[in-house]
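First, one chain by itself in structure tokens, the form predicted on its own.
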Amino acid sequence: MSKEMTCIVCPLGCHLTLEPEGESFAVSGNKCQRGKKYAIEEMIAPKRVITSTVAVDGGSYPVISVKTQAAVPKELIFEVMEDLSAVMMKAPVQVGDVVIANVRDTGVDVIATRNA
């Protein structure tokens, strides 16, 4: 049974069709290999980059924006958000500072995306 999705890797938004093929999927409709990789990963082990905010003590702003440096497994989103809600950074904070190293043992750091 085929599955359809829209690729979100780039602004083209290719309309993808996936057909089961053994342990993986045959992908059509993609205009690049990144679209094929995205579609297969989305079916087998979906991941997302998480963006949020954390509190800052003594900074120019009460909160700053943060993000994961890479995508993390989709099923960990709520746990990562819970971890972020408990963070209180101490100013000064610079863009790129690690907020949480190796969040949830994913090998991915959460970093600051704003100075404070």
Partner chain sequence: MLKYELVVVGGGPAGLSAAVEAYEQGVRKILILERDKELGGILNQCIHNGFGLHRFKEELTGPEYSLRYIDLLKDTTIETLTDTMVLEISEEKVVRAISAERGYMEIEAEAVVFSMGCRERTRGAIQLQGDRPAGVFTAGTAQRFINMEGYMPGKRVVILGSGDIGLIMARRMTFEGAKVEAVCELMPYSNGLTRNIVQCLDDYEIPLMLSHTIVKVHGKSRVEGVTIAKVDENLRPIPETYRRIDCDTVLLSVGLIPENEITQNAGIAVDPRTSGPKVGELRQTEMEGVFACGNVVHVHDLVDFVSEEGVLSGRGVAKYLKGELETTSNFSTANGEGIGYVVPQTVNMSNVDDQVTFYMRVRSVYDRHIVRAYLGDTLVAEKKERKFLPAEMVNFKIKKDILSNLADGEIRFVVEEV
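Positions refer to the first chain, counted from 1. Since we're looking at a predicted model, the values are computed, not measured.
A second form of this protein, the form predicted in complex with its partner chain, is not displayed here; the remarks below concern that form.
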Proximity of Ser28 to its partner chain in the predicted bound form, heavy atoms at 4.5 Å: no
In the predicted bound form, Val9 touching its partner chain (heavy atom, 4.5 Å): yes
Its partner chain contact in the predicted bound form: Gln33, any heavy atom under 4.5 Å: no
Residue contact check: Lys3 to its partner chain in the predicted bound form, 4.5 Å heavy atom: no
Partner contacts in the predicted bound form for 102-116 (non-hydrogen atom within 4.5 angstroms of its partner chain): Thr113, Arg114, Asn115
